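Okay, so here's just one chain, in structure tokens, the form predicted alone.
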């Protein structure tokens, strides 16, 4: 019996590579998380900014709460089973009236895994819609496996390499409209992207990228994982602990170590590196 998703939602995910929207928490609760994030941005600007938004769950306890949210985990379990660990997270923040965008790409392209059958929840902490640059998915594109990407390093592209899948027919793309407290779920190989924020307010999303079963291992660099539930034994893997409070010094140190490893993975074989 499924914990969160209906059988129809599970079938839709496997057929099209995503499912959305899914209610996780109230808009009020999502807003409280947003306020906590913005307080951290003001108090510790060196820790959370446009070039340092990877793996903040390792040093911020309120983001750690989200990655352990039972609704999120229940939905993930419905898709990949009960043994779950988390590889990383990304805060996707688009400032008001900003040019930042995400090109058409597949998450798994540069993640260095031996298997790409993993799922990413994307939780909205603000409204996410067409005017502020919501995600768009190309249904069924996850069935084509990994396709060629070109590294552009475009200044406005939020992705590490500015990687892009060329010659995309976006005529059947689906926009994922989310209210605060709702999430989408997408497969590691689905082609997706998002447009700039043309609104007068920030768009904030928190991507848990990604939850994986223990048969998936990192084959490019060190195997760092946060065990979430069940049995997550891997050969030569290193388990990451949870922060005890916001800006826990041990968590801050762990995050820096993991982000360095992240960069080694995401820029593996690249001609150049950016600062994020």
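All figures in this text were calculated on a predicted structure; none of them were measured in a lab. Numbering follows the first chain given and starts at 1.
There is another form of this protein, the form predicted together with a small molecule, and it is not shown here; the text below is about that form.
Interface segment, criterion being heavy atoms within 4.5 Å of the small molecule in the predicted bound form, picked from 145 to 153, 162 to 170, 68 to 76, 88 to 96 | Contact criterion met by 88 to 96 only.
Non-hydrogen atom within 4.5 Å of the small molecule in the predicted bound form for each of 107, 192 and 207 | Contact check passed for all of 107, 192 and 207.
Interface residue in the predicted bound form among 135, 138, 119, 124, criterion: non-hydrogen atom within 4.5 angstroms of the small molecule | Residue within 4.5 Å of the partner: 135.
May I ask you to state whether residue 102 is within 4.5 Å of the small molecule in the predicted bound form, using heavy atom distances?
-> Output for residue 102 is yes: heavy atoms within 4.5 Å of the small molecule.
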